[in-house]
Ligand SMILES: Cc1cc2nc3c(=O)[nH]c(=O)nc-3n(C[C@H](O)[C@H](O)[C@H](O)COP(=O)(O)OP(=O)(O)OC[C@H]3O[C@@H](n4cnc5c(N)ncnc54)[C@H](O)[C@@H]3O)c2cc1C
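A lone chain, given as structure tokens: the form predicted on its own.
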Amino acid sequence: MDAHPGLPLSRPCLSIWQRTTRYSPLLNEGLDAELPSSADAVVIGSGISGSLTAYELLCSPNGPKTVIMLEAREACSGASGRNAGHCRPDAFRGFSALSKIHNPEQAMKIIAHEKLVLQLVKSFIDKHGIQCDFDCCRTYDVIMGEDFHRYATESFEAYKKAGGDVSDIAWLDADKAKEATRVPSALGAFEWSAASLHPAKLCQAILAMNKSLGMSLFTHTPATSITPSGSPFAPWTINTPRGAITTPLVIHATNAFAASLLPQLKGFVTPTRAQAHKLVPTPAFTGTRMLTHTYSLRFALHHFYSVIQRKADGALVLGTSRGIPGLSEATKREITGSCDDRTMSEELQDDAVRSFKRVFPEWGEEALGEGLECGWTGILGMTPDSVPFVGPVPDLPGQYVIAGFNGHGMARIFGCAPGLVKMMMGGTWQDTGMPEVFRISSERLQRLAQQ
């Protein structure tokens, strides 16, 4: 489905992260301020990719002096504030699939980059003392189906044989996995390093840092079009309902909505709705009996559920996948191509909660106030080759893009945003440290169009 995504819808539902940051003074920043007519750089999108890109620009010695950020809704209202709370690199599992889509060398680089990003996230949070409930921990891929058991073990062996670093990965056979994961039906489990966090608190903290460095944020100010200005010094005009801004630099940090302003990405960044839920634990999952790891409960490659239990308050966040067998056609239509994060699917919610209770039978009966508290949706930006588009937009000098994170933004953005800014400041792709396949190019778009 390659429909034009349009603008983010007004009044979306609130995630657990947005419900707990309603105090932020930046939510409606710039709503009543006068919009400047020009800027040295304009970042479109106030999620983590836009916020971190703006931060890197503001900290660059020869960077732009005036940086404006435009956000269509309230600050951090998109996918960054709606995820399932994971910062979980791919340790090996994607190696086989990425090798087929790209090649083994690039697959290795993609996985190495994600492992690096986990360390970059931790270093950034530690350096700036950001209070975002960041918890460096271990994670389990719990194998729940025979087909996935075969896929995962073959991918692990292929990754290892290709020279992949498996020193951080532990394999638990069925007996050990059942005991360690508390999942009686586990067929085995892989374990490696990951983290969980409060993404909206992280994003709001970066926005606050940017404001202290001089950035101006204008929320509820969607960029509706970008047109040539006719000026050689500021060749782009960004049009909004509140006025127009001319600038020499435009950064599209709009993820699923990238094609709204970059029609050449139509069909190559597909909006896809994801869903997650908050559960209040029963006594079996409280206090010293809380889960010690984060989880991906893997029934099949595209049928899984993510689970984290927050140390800050004990709440569980249960994410769903898009490959659940037996989904109604109506629900499938609500997922692919959907930009509607105002509503959620009762069918997905019922399946997720039912599956969670079946996987963890010790959950037991729920008292009033325990169990499902709320659910929410967010719009992912999916690409045909499973990697983001990063870099200068072909044939549009001065325009850059960082979008299409395939639901894996927290494992990629902290490497992509600094890399993008290095390019903007005159560096080469080699300076960025990103896998070559992340780069947007005319050749890549042509290749995808032919598939």
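When you see a residue number, it is the position in the sequence shown, counting from 1. Predicted model, so just to flag it, every value in this text is computed and none were measured.
This next part talks about the form predicted in complex with the ligand, which is not shown.
Asks: Within 4.5 Å of the ligand in the predicted bound form: all of L57, P271 and A417, by heavy atom?
Replies: No, the whole trio is out of contact, none within 4.5 Å by any heavy atom.
Asks: In the predicted bound form, which of the stretches 22 to 30, 419 to 427, 64 to 72, 392 to 400 has residues with heavy atoms within 4.5 Å of the ligand?
Replies: Partner-contacting stretch among the options: 64 to 72.
Asks: Indicate whether L445 is a 4.5 Å heavy atom neighbour of the ligand in the predicted bound form.
Replies: No - in the predicted bound form, heavy atoms of L445 and the ligand never come within 4.5 Å of each other.
Asks: Should L202 be classed as touching the ligand in the predicted bound form when contacts are defined as heavy atoms within 4.5 Å?
Replies: Flag for L202 set to no.
Asks: Is there any non-hydrogen atom of F257 lying within 4.5 Å of the ligand in the predicted bound form?
Replies: Yes, F257 sits close enough to the ligand in the predicted bound form that at least one of its heavy atoms falls within 4.5 Å.
Asks: Applying a 4.5 Å heavy atom distance criterion, does I111 contact the ligand in the predicted bound form?
Replies: No - in the predicted bound form, heavy atoms of I111 and the ligand never come within 4.5 Å of each other.
Asks: Where, within 203 to 229, is there a heavy atom within 4.5 Å of the ligand in the predicted bound form? Residue list please.
Replies: If the 4.5 Å heavy-atom criterion is applied to the ligand in the predicted bound form, 203 to 229 yields T221, P222, A223.
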